[in-house]
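Next up: the same protein chain in two forms, each one alone, written as structure tokens (structure 1, then structure 2).
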Structure 1
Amino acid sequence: MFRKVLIAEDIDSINLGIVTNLKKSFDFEIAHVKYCDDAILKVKKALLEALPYDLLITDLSFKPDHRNCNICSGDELAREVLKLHPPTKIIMYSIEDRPLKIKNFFNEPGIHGYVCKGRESAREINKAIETVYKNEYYLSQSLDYAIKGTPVMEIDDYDIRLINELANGLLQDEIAKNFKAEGVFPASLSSIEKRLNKLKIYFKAKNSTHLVAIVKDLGLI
């Protein structure tokens, strides 16, 4: 079984809940931190001692507070930990339930398990630990169906940037000029109009304002 497990979670009552639950079911050594940067320090220290963490359980979002953070989110943390020690297994444990976002986390940074916070998630964390220990992937069952049913969506960074610029109040003409100045391609007003039209069809939006509202609700921007 795993021997050294690191938990990164900012909410203290969740930290306490996870640790209490894991101690009932497993025998491994558990450490827990509230800041991603502290997690990185622990991982580095463990590597120096030749006793690396073989499992990381991390939340996705970490509230900013008075401390300046270099790493501020669970996906960034996972990316760094996998760089430092590629054999480490990563289980993400978050309230996030947007299928596309979660699916992408398996690709990049390359997590091994995802448990959606819920009424039975303590039991799911245990199953996730057992599953990723066997080198299999784990996904909360409440998400599994949703993710398999999600249509292939070819929304790329350009599209997100475009909608974001609209949401920030820029006119299409201004966006075109900015894209041209920055070397973002394509940059013509017409192309922007056509791309926005495609996005509206895809998201079933009636106009640009509606599109921005839908995309915000989906959490893509």
Structure 2
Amino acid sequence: MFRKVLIAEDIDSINLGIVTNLKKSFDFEIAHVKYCDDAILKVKKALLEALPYDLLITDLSFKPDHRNCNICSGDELAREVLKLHPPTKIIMYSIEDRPLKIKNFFNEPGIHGYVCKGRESAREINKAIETVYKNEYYLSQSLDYAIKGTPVMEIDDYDIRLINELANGLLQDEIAKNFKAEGVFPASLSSIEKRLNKLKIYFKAKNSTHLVAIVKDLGLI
């Protein structure tokens, strides 16, 4: 089983609940922080001592307060921790339940488990820890079908840029001109039209405005 676990959660009651639950269920060293920057400091210190954390459990969203932070979200924290120590397993724990956004977290930054906050959170976190320890991926049951049932289509940076341009009110010919000027390819009007049509079909959007709204709701832009 894991030896050292780091918890990053900014709400005291939730933080305490996770720690209490894990102490009852597992026999590993637990540290907890309220800020992502503090988590990074602990990870660096542990590496210097040659006693790295095996597992990071992090919330996705951290509320801003009086303190200025360099890292302000769980996905950013996961990304930095994996740069510092790639073997670290990461479980994200959040109220976020949009399937496509969550699916992306497994690709980038590359988390290993995702638990939705809810009535069964304590049981699910325990199960997620056991699953991830066996080098398997864990996903809350409430999301498992939604994500696995999502049609397969790679949404890349080009697609996000394309939809962002639409969101900014640009017409397709204007987007084509901008892409050509910036060296973004494919930049032809026909290529942009074809890609947008595929995206509309994929997201079941009636038109470009509807596409933008759907993608915003999914948290992709």
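Here, residue number means position along structure 1's sequence, counting from 1. Superpose the two forms; the largest set of C-alphas matching within 1.5 Å is the rigid core. Here the structure is a predicted model, which is why all the values come from computation and not from measurement.
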For this session: Decide which single structure shows the form predicted together with a further copy of the same chain, answering 1 or 2.
Result: 1
Exercise. Aligning on the rigid core, do we see the C-alpha of N21 shift 2 angstroms or more between the two structures?
Worked result: no
Exercise. Hey, does R67 budge by 2 Å or more at the Cα between the two structures once the core is superposed?
Worked result: no
Exercise. For I11, is the C-alpha shift between the two structures 2 Å or more after core superposition?
Worked result: no
Exercise. So if we fit the rigid core, how much does the CA of L171 shift between the two structures, in Å?
Worked result: 10.2
Exercise. By how many angstrom does V212 shift at its CA between the two structures when the core is held fixed?
Worked result: 6.5
